[in-house]
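Starting off, we have a lone chain in the form predicted alone, written out as structure tokens.
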């Protein structure tokens, strides 16, 4: 790894990191602050469940979840969908500029004219993207825990530790996908559009699988199906299939991205 490239990659995105951190903290604060109202007024839960319905809950990634637990509430209102969109967009944009975007603007050619190998450049930029994702995940769990202390909500510290691991695995899977696409394409916009298109397709596959039993198999090919933050928070369980799917996806996309970048023309 090249520390100069690593530090430069993160420094270029320090403003976006700050804004994403502020957004994640504000969103998490709002959701945690609202939870005591729901918890102390059971009739609100009944009304919410009647208004939302199973179809609308499924659309927000909350199929089968309950409002009356912290994990279920956070899953429906925040973690199951909105968090993925926010953090997913952040790591995709980062990865898009790491390789494909750098080829498009000519900075990659300049970087490789220095005494540094392609392997080291690609590896360093992947690791900087991974560090970026880890920082966003850390902001997520720390903001939830501290906000819970502020508003008297029991946010278990051990659950937040396990949630951090789960968030990191999911972020690296999404970031790895974008890294792979960025390694094969020229242009930041193309990487972003293709990566987001894949994420939206997986969301729709999971939604259709949850709404129609005839298409339940579609959920199995979606990352959303293996993302169960409610189980992590309420039961302190991170399913083995989650480790397996996100872990394998992260490794395979990284390896494929490295291979594609080493074989491509950057001029």
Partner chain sequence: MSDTVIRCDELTKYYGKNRGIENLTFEVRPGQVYGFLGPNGAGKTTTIRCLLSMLRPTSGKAYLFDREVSVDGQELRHRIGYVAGDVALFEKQTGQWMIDYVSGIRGRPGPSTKELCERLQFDPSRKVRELSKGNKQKLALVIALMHDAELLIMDEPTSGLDPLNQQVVFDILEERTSVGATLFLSSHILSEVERVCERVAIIRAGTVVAEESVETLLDRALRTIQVTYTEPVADDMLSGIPGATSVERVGECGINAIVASDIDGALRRIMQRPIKDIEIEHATLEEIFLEYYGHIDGEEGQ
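If you're wondering where the values come from, they're calculated on a predicted model, not measured in any experiment. Numbering follows the first chain given and starts at 1.
Beyond the structure shown, there is the form predicted in complex with its partner chain, which is absent from this document and is the topic of what follows.
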property	result
Among 152-160, 86-94, 120-128, 72-80, the region lying within 4.5 Å of its partner chain in the predicted complex by heavy atom distance	120-128
Selected contact from 165, 138, 146, 112, since only one has a non-hydrogen atom within 4.5 angstroms of its partner chain in the predicted complex	112
4.5 angstroms heavy atom contact with its partner chain in the predicted complex for residue 116	yes
Partner proximity in the predicted complex: residue 1 to its partner chain, non-hydrogen atom cutoff 4.5 Å	no
Contact label in the predicted complex: residue 12 to its partner chain, heavy atom within 4.5 Å	yes
Residue contact check: residue 197 to its partner chain in the predicted complex, 4.5 Å heavy atom	no
Partner contacts in the predicted complex for 88-107 (non-hydrogen atom within 4.5 angstroms of its partner chain)	105, 106, 107
